[in-house]
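One chain comes next, on its own, written as structure tokens: the form predicted on its own.
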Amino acid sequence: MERVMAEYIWIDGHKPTAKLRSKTKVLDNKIEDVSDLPDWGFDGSSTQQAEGHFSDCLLKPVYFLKDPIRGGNNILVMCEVFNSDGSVHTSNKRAALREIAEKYKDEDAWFGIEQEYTFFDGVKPLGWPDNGFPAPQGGYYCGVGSDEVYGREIVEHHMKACLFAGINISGINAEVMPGQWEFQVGPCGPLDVSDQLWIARWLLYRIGEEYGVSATLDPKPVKGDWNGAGAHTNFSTKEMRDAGGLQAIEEACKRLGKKHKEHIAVYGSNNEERLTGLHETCSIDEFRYGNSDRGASIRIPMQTYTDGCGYLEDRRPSANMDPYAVCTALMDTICNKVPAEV
């Protein structure tokens, strides 16, 4: 009998930005289906999800992948959090996405999320001098060479781990600020892209432990004339991807404009520090969309305009956003067929 280590991963109740938690359960058999995984519990009073006098919370496995850290038949398990009576916990944003995904399943929504993050070595970004600042931005984006790129070994390790696990990672690149990187997950359906992004984040933190480096999703990790970190979210429905879909994309943009404040409210904490109208962002108080416009709230890619169909890119979500909440908001606004006002 081969025993299996299952790393149960969940999202805590920390505010304003939730954190990842995990612990290991040793099982007696290889897991073939998520239904083979038992429920488990944890102390919610230690994760800001319960009071000490009534602290038990329930973990329900909903998704699993191969564990690239431990290898073998060991697995990483994404869980939803429930109260001890079986009701959905208030910190559980996945439950709402499950309902929205089912409601609009005929739309065949696809998502691709571009996760930016910044490596830190102690109190400073990785590769930065102990005193002062590196050279201004300009040569770091998609750069090469040890004088401009810091942390590539960790990034490559993370990408290979994601591929081994079965995450639909579609690319990596060095970002505009030194020590800052990006990986992309998708295209996937709403639940898959969200589950995979959370597990990819967990792997990033876990692999960082092996190098003594931390990764932060802070949307503005360094104040001043430096780029912030976002999680640009690409979205399409079948109608948008089919011939003539550009009209549906523009209608979607109009709907998003009407719900701008509601979206910003769930697009990540401290996002106002990033969405200033500078550094390839639109102001948090403004909404606009445009062709190839990286300074807009919504960018419609050049190829989408050329083809007359494709997808839109929502550039507003911050790096620390919850993909469950962002995917829910996008589907709830765009897939609702109430006509948008012109």
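Values in this document were obtained by computation on a predicted structure and should not be read as measured data. The first residue of the shown sequence is 1; numbering continues from there.
Not pictured, yet referred to below: the form predicted in complex with adenosine-5'-diphosphate (ADP).
Between 206-214, 81-89, 260-268, 233-241, the stretch whose residues reach within 4.5 angstroms of adenosine-5'-diphosphate (ADP) in the model of the complex through a non-hydrogen atom is 233-241. adenosine-5'-diphosphate (ADP) in the model of the complex is not approached by R70, whose heavy atoms all lie more than 4.5 angstroms from it. Contact check for Y311: a heavy atom falls within 4.5 Å of adenosine-5'-diphosphate (ADP) in the model of the complex. A residue is said to contact a partner when one of its heavy atoms sits within 4.5 Å of a partner heavy atom; S170 meets this definition for adenosine-5'-diphosphate (ADP) in the model of the complex. Using a 4.5 angstroms threshold between heavy atoms, W110 counts as touching adenosine-5'-diphosphate (ADP) in the model of the complex. Distance criterion of 4.5 Å from any heavy atom to adenosine-5'-diphosphate (ADP) in the model of the complex singles out G186 from the list G245, P221, G186, P134. The listed set R294, K66, R288, K30 contains one residue whose heavy atoms approach adenosine-5'-diphosphate (ADP) in the model of the complex to within 4.5 Å, identified as R294. Taking adenosine-5'-diphosphate (ADP) as it sits in the model of the complex, the stretch 19-46 never comes within 4.5 angstroms of it through any non-hydrogen atom.
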